[in-house]
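Quick setup: one chain, the form predicted on its own, written in structure tokens, and binding and motion questions come after.
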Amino acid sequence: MTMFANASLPTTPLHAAVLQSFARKRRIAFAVPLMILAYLIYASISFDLAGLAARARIDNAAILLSDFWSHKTHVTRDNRTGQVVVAIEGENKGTYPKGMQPDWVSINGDVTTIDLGAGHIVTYDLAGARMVVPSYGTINIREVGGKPVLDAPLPIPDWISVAPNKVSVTTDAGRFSYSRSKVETFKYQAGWELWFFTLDSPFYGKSLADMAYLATIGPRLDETRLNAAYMLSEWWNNRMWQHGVVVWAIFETILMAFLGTMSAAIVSLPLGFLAARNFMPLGFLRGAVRRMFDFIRGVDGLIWTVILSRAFGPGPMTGAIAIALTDTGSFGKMFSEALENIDEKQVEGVQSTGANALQRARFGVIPQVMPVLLAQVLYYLESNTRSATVIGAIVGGGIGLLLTQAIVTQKDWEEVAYYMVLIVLMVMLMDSLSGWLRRKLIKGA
């Protein structure tokens, strides 16, 4: 057996080239990770990630997340008039009528007692307000010179915030704040309250058994209609959640995506023939159409949306036009590329029968590119359903507008969660529908 050592290998140009190639690849293998690491370090310094972490408010994030899946009831006393109002989410639409309040709130003359659970008791009286925290003690607040004065065990914990004109207490059982104008307590409870019926509805607070009884054999609450129709009307016209408005907004969003996508596809197909090399022999015209596609695609869809909203005003139709304009550039490029890759033999076979140009396109070209075109159009339809949400926020239409309004208020986070769930379900529905259509139209299955 003959053994060869690296030292005994002859030094040839090929050998030197191979060694040089290995050395270069080894340097690249080390250089690329080092470049990525250097870029990440630069980005962390440039974007001030350390400062971002220092400014992060984990407590606010926790409150925000809890608002997604729960609701809070406000118990508010006006310190000038002494009036006490109990309202879900602090809204007039969720205000308990006079003489009606949750069982954990007791109003007896000038004394209001709020049981937050686990021994946490808040009391409003003429002297001020106080909160009992079992693991800490009694937090007593009274007004002196028109300003709240805190009397609590020392040292003051960080979950008690003391300012010259306001004292706030945040516990796991709820929140409590006292200012010159009002004293307010928030109790968090799981679920989206009033999602079915508002407080003024005759069906509020009834059990499933009671609802089933009223919907079937129970006496009519309104002589002009059945109880089942009455229930559906109360839910559809819910003043807090506005289900009817939300359903119409979802329909507007889907309609924007459908009209925009289909309009772009109809316009792009003949333009695709003008941009295809094998169908348009005039180079200047073909180049002009392609540059038009590049221009339309080069400007982001949101920019087109802003421009069109200034030109045509707000509304869902403006959003559909923005989607159509943006997709025309994308469809035109993809359609022309699909046309350039057809099998010319099939076109020649149709031509041999004496077919004219239109017939050659109809029977020799369209059947070849149709599966590709349909797949692209259906994919963009699904994608534009998501995009229509953002576009709707700009042009003032669809579910995007409702989502933006809920975010701007900084308090309706349970509605934000509701709209987000509906948007995800809408996208899932469009995904399933486009997949089913793709199988039916392309594969015939």
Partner chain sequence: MVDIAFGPTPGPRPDMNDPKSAYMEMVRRKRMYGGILLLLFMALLYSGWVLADDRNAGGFWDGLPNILDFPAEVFSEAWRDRANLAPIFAQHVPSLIETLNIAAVSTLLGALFAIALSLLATRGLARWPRLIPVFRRTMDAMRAIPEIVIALVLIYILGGGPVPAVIAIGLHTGGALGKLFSEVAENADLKPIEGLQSVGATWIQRMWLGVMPQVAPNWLSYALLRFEINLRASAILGFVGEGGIGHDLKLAMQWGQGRYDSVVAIFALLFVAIVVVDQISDYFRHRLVKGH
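Positions refer to the first chain, counted from 1. Computed from a prediction, not measured in an experiment: that's the story for all the values here.
Not on display, but discussed next: the form predicted together with its partner chain.
Visitor: Which one, G218, G90, P314, P134, lies within 4.5 Å of its partner chain in the model of the complex by heavy atoms?
Guide: Going through each option in turn, the one that passes is P314.
Visitor: Any chance A43 has a heavy atom within 4.5 Å of its partner chain in the model of the complex?
Guide: A43 belongs to the contact set for its partner chain.
Visitor: Check W69 for me: does it contact its partner chain in the model of the complex (non-hydrogen atoms, 4.5 angstroms)?
Guide: No, W69 is distant from the partner.
Visitor: Hey, in the model of the complex, is F284 touching its partner chain, heavy atoms inside 4.5 Å?
Guide: No, F284 stays farther than 4.5 Å from its partner chain in the model of the complex.
Visitor: Test of understanding: in the model of the complex, would T73 fall inside 4.5 Å of its partner chain by heavy atoms?
Guide: Residue-level check for T73: no, no contact with its partner chain.
Visitor: For a quick check, can you give me the residues of 277 to 297 that have a heavy atom within 4.5 Å of its partner chain in the model of the complex?
Guide: F295, R297 sit within 4.5 Å of the partner.
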